[in-house]
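Shown here is one chain on its own, the form predicted on its own, set out as structure tokens.
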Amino acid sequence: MSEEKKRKIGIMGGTFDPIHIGHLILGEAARQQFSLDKVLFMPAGNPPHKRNRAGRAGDEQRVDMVRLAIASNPGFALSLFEMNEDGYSYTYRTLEMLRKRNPDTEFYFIMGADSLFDFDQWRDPQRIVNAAHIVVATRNQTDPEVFNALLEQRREQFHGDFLKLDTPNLDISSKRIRELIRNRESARYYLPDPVLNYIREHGIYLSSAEKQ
């Protein structure tokens, strides 16, 4: 009897402070290109000493924004796997635990091009590679030859599966969006409308004085 086909699950991690259309485009592109059954959006927890930081969203608010952003896509799901009491999870630990709990699943860890450059500086990168396929988004500002050469270098260095995600990596950052909102400039189209409405309703990213 042939071996039962394994499920294919993508992992999109990040602080998502706030989640924006760039995250959603990467998740959907990975889902389609690699025929993933589901993409899990996994907000990272803030350590206790960094919770409720000025000008940032709280843990529950970040989770709410992810939930709102992905609600219309049945191929996306929210995972609270890294929202633990310690507030900090190393990627290799998360992936190893997921694999242990889901032996019938192949995991695809989705990351931006910038992360490929410093990947060898991450905590235990070899264990990350051993636990998942690494899906890397290209970046418009990066020379394609440089990117492809680094991708091949990482494959040889870690003897792992580094896959190129064929999609433009929009030059959008959560930091820039926070600045727009703080300066009361338009962040429309950078964020899904439900997320933008949630930010306005709760006065997120404004100073205490501006909320009054």
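All figures in this text were calculated on a predicted structure; none of them were measured in a lab. Start at 1 and count along the sequence shown; that's the residue number.
Below, we turn to the form predicted in complex with adenosine-5'-triphosphate (ATP), even though it does not appear here.
Among 142, 130, 89, 115, the residue placing a heavy atom within 4.5 Å of adenosine-5'-triphosphate (ATP) in the predicted complex is 115. Contact with adenosine-5'-triphosphate (ATP) in the predicted complex, judged by any heavy atom within 4.5 Å, is made by just one of 63, 29, 170, 151: 170.
Contact check for residue 38: every heavy atom lies farther than 4.5 Å from adenosine-5'-triphosphate (ATP) in the predicted complex.
In the predicted complex, adenosine-5'-triphosphate (ATP) lies farther than 4.5 Å from every heavy atom of residue 194. Although the partner is absent here, residue 178 lies within 4.5 Å of adenosine-5'-triphosphate (ATP) in the predicted complex, judged by heavy atoms. None of the heavy atoms of residue 204 is located within 4.5 Å of adenosine-5'-triphosphate (ATP) in the predicted complex.
Taking adenosine-5'-triphosphate (ATP) as positioned in the predicted complex, the residues of 9 to 25 that bring a heavy atom within 4.5 Å of it are, in sequence order, 12, 13, 14, 15, 16, 20, 22, 23.
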